[in-house]
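Shown next as structure tokens: one chain only, the form predicted alone.
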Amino acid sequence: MSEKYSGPDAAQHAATGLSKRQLTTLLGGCVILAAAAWIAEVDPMALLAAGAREQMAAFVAEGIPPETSREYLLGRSLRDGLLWAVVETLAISVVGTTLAVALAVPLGLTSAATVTHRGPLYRNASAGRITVGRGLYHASRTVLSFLRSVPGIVWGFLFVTAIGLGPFAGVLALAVHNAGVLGKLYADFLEDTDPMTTEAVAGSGATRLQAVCHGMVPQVTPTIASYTLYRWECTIRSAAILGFVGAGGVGYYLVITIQRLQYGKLSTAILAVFALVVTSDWLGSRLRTRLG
């Protein structure tokens, strides 16, 4: 029920357009933001200091013009050079996302309460069946939480330690981390489906699995496809960083040029990542339009 105002309170509400609860929430948000800024040691004036301006100007000056030598761009063999690293980064993102989807689909299904133990599919189910489903639900949710709570670069370090340097470690790192992210999204989408559609399919004599496949999944397929493509775009950015721990891709060139203070080569590597991201964003947008 909306709050009613009279006298001065009515005039104040008309002027601000906010209720007391909204004002309290806004004030609380401002306090939290101020506390977070203090903890993060936010200092906008540090960017405007003379020393900071000089350092940035020197970096830009040393990075111009970007390095465009044939040896740097193409290397001395097929699997060498910056351009190959860009192709490798794209390949890591494609294979990593594909594996992530393969892991996320079963985990997403078992992490959706409407699939495992709740909703129209379980109105007449036994207590034991619901208990088993609830246990599977919580176990799957725990696995997804763990997979996505470990950053991709940490997974990359772990897999590099396990199998050695190279792009395959990057593929596994992206697959495991993004499986946790996508699995959570898939489960949430399945839980938000229209129960009437699922109930109608189940009422026609379909099994639970058939009701899920023909009642729930078709409702979320376009949304899942769109979010999966967006996640692929994100994995390209992540793949570019995995080279910092030796997991392949263009990140290797970023870290090497930073360590050696080769700012011309660093500028070229940054431009290569920028071109890769812009291209992937355009391609992802086109694919989402086609799917939509």
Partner chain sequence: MLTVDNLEKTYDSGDKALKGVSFEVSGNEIVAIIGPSGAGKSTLVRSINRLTEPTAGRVSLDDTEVTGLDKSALRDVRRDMGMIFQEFNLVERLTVMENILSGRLGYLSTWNAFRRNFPPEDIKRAREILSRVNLEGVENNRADELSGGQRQRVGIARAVIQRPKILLADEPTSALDPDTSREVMSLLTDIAHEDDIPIIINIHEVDLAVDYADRIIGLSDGEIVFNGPPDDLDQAARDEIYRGGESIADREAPSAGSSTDSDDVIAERGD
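Numbering follows the first chain given and starts at 1. Just so we're clear, the structure is a prediction, and the values are computed from it rather than from any experiment.
The next section is about a form of this same protein that is not shown, the form predicted in complex with the partner chain.
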Could you spot which one of A102, A162, M196, L78 gets a heavy atom to within 4.5 Å of the partner chain in the model of the complex?
-> M196
Just give me the single entry in V87, L158, C213, L136 that has a non-hydrogen atom within 4.5 angstroms of the partner chain in the model of the complex.
-> C213
Please run the contact check for A127 against the partner chain in the model of the complex: heavy atoms, 4.5 angstroms, yes or no?
-> no
Hey, in the model of the complex, is V201 touching the partner chain, heavy atoms inside 4.5 Å?
-> yes
Going by a heavy atom distance of 4.5 Å, is R148 a contact of the partner chain in the model of the complex?
-> no
Heavy atom to heavy atom, is Q219 within 4.5 Å of the partner chain in the model of the complex?
-> yes
Among 171 to 179, 117 to 125, 79 to 87, 92 to 100, which stretch has residues whose heavy atoms lie within 4.5 Å of the partner chain in the model of the complex?
-> 117 to 125
